[in-house]
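Just one chain follows, in the form predicted alone, and it is written as structure tokens.
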């Protein structure tokens, strides 16, 4: 007899925590994993938490599917890419029309769109669901971004809404659009996350190398900042990371961690998507580049031997200025991310609800922060305007961009790498400049390639009278 409300395949860290979350919310979940021993381990964990009565373990895939009430909703939590396609093919012969596969990993949104299109004629729904919040979020309430089949979304809506994080009683889960919409929004979420983390790291670098602050001193500052306008999950955990002490040596843990940042692809995907759509997302691009540079540790060590250590004198930048600089940079990063989402919505016909996206990011996800409520309110008024022209954020930027300017200038003269914050400042200055310098570029393009240019009042596709010979 089919008794499970939903199924879940893949009991690694994220999958097992999502399953426990589902069971804790009162739903019965059938679980399956290719390695049967992992199912046994999960049952032990569930029993220890008093949830075994809401779990149906099944090592046989066919019996697992049969244990789920129709129309079936089956979450798959396997590695992105080929493993997802393989899992779909294994499930297909066992499913009935109206059933749905819910893929909750970090998949490339074009892959999700392809799978959606492949399964739709077969009568099988496909939901590409972005889940943010890491291990803790999966267990106690993540932010959930749903894309794909609207009909099958309604079949799984009660469960997904229940397990999501809550902000003032509202679930941080929403259906955003068909096909790859959910995974695209999650990708841009991660791009913003990249920028946010890099900016925080750049400010930490000034504290450490320009102000001579210890990790413990830095931790105290970030904890204090988390009480103000910068209040956010990433600022909060930064204080804890900087406060941590290595058990073996008694030294600050952060000083022992190798300065090579990893990345799994979502930041790169978001930067590529922005470039392909012609939307400037310099903070995301800078953050991706910074991680790539960090990975070249041996090259950096060799280059320092050639050029010598950076000549870093004490800086006169204050902690208050660093706080405002970081606030300005974060707003620019969010503005760019939402601009990319708005453009993707237009190009793909998704009608992505920007106000709703800001709402479901207010709790559970990695980039949750104090001002997402303001962003949601701004977009709820209609339109897809850049956040930099929204009155609330105009006031913040007018107050904080002078500090960002001073910090970036001090970084340049003090030899502090600042890829992300400097990119944010350049974007801000370019965006608010009515008369730019692209007129010269258009003249150059016409000179060497006859690409044409526009003159106000005369029309477009005009050409200059350039010298026919050069250098003779």
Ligand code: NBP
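For clarity, every value in this text was computed on a predicted model and none was experimentally measured. Numbering follows the first chain given and starts at 1.
Not on display, but discussed next: the form predicted in complex with the ligand.
- The three residues 12, 78 and 135 all sit with a heavy atom within 4.5 Å of the ligand in the predicted bound form.
- Of the stretches 435 to 443, 408 to 416, 60 to 68, 31 to 39, only 31 to 39 has residues with a heavy atom within 4.5 Å of the ligand in the predicted bound form.
- Between the ligand and the residues 98, 83, 402, 239, the one pair within 4.5 Å by heavy atoms in the predicted bound form involves 83.
- The contact with the ligand in the predicted bound form, taken as any heavy atom within 4.5 Å, belongs to 87 out of 201, 354, 87, 124.
- Although the partner is absent here, residue 152 lies well away from the ligand in the predicted bound form, with no heavy atom inside 4.5 Å.
- Contact check for residue 229: no non-hydrogen atom falls within 4.5 Å of the ligand in the predicted bound form.
- For residue 113, no non-hydrogen atom is located within 4.5 Å of the ligand in the predicted bound form, even though that partner is not displayed.
- Interface residue remark: residue 131 is counted as part of the site for the ligand in the predicted bound form, having a heavy atom within 4.5 Å.
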